[in-house]
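Quick heads-up: it's one chain on its own, the form predicted alone, in structure tokens.
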């Protein structure tokens, strides 16, 4: 079944009610949503694209960007969202690897993207702006507002989501219609979406959290979305009294607590605050509850699986824990010899379920490596059942994430892998070698830090390196701090001991 058909089943019968309200007060009815999606779907279909064609986008957040995603689903194609912060070198890799049939970019990036698209024989390049403008919008204006949803098999690909890898080469996680349908339906029930719910949408829509978890929830429930282009404390506080559900990253809650105008009264209409994409500090959890009376619901997921685990809606939401496995999801924690861990014993998290992805795009060996012989996906995260946290005892059936075996840094909700950053640093003139790791940050959760060994005779400067990196990679990946050293600490096998670097620079 096509995911769009399932989402459409939740749309309200009264089509003139509001589906989306922007921060500027622009209103979109459900009728306008459906007619725009149909025009976009007709336009894509009229291009004569092959079955399974990828529609790549690097566009700013707007209702039209959401409509393009829905149109891609409805027309039976595969949606490929890309972070708006990616620079030219990164876009060359993604477009070259995914080989999309269509690329839609922001108008200001057209000259860069068009050149990359030409180099990779991409036939169709369009623009889509934040203000209902761009060539895609213009070209689709004359298309019919009627379109019959294209049937898709459950196992057919619906989205391709790139997630970084420890080798520095990003991997395209292949998510099927069935993967996305199962997770949307489970979350709709588990988080008890209700009639009259209003989602305050402040997240980007180029990754799983904002596009799938948030949007699918509201669409499946027929709920209005208040649409903010980005996180802004003042805009969020202004709209909170009209909302009932907020999904955010821990940084959102830290910044809200620091804002004097954020009061208990402002949250009186809210039903549910959800946090994910990065660890929520117990300090933030407790401070938010004390200030507002609301207990944040923390959950755990990843690009390859969407949501896996959540604190319950009804029941104890435990600080320092991401909760219990969602219905239909199996989760086990395995030790180094492949045996299940006991309570309070740290091991490798493995999962199985209808939400788990099909594998990595054009990487059969990597796919095989990341699945066990009996079909469990190895998440790369370390965890334990139960145990103790700074907040006290955790129930034995609750999961605690304790580390990331693949060296992942989560900064401001973004996943960052050190190897990719190191590859760019090591290309710089005068750099002999580098080590990248995460250090604690009060606002971002973790900040990217680099320690660099200069080549003999080179006088490197940290500020110049940061400036150079800003031109090469997305800003959220650029090290916030760089230290120059004579050598990196290594163990007997010659491996850089990043644990020692973290200890040294985390103070």
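No experiment lies behind these values; they were computed from the predicted model shown. Residue numbers count along the first chain shown, from 1.
Omitted from view is the form predicted together with a small molecule, to which the following refers.
You can rule out all but one of 93-101, 126-134, 362-370, 247-255: in the predicted bound form, only 247-255 has residues with a heavy atom within 4.5 Å of the small molecule. The contact residue chosen from 347, 386, 222, 204 relative to the small molecule in the predicted bound form is 204, the criterion being a non-hydrogen atom within 4.5 angstroms. Taking a 4.5 Å heavy atom cutoff to the small molecule in the predicted bound form, the contact residue among 172, 413, 76, 325 is 413.
Every residue of the trio 209, 301 and 476 has some heavy atom no more than 4.5 Å from the small molecule in the predicted bound form. Interface residue remark: residue 480 is counted as part of the site for the small molecule in the predicted bound form, having a heavy atom within 4.5 Å. Proximity of residue 277 to the small molecule in the predicted bound form: non-hydrogen atoms within 4.5 Å are present.
Contact annotation for residue 444: at least one heavy atom lies within 4.5 Å of the small molecule in the predicted bound form. Using a 4.5 Å cutoff between non-hydrogen atoms, residue 231 counts as a contact of the small molecule in the predicted bound form.
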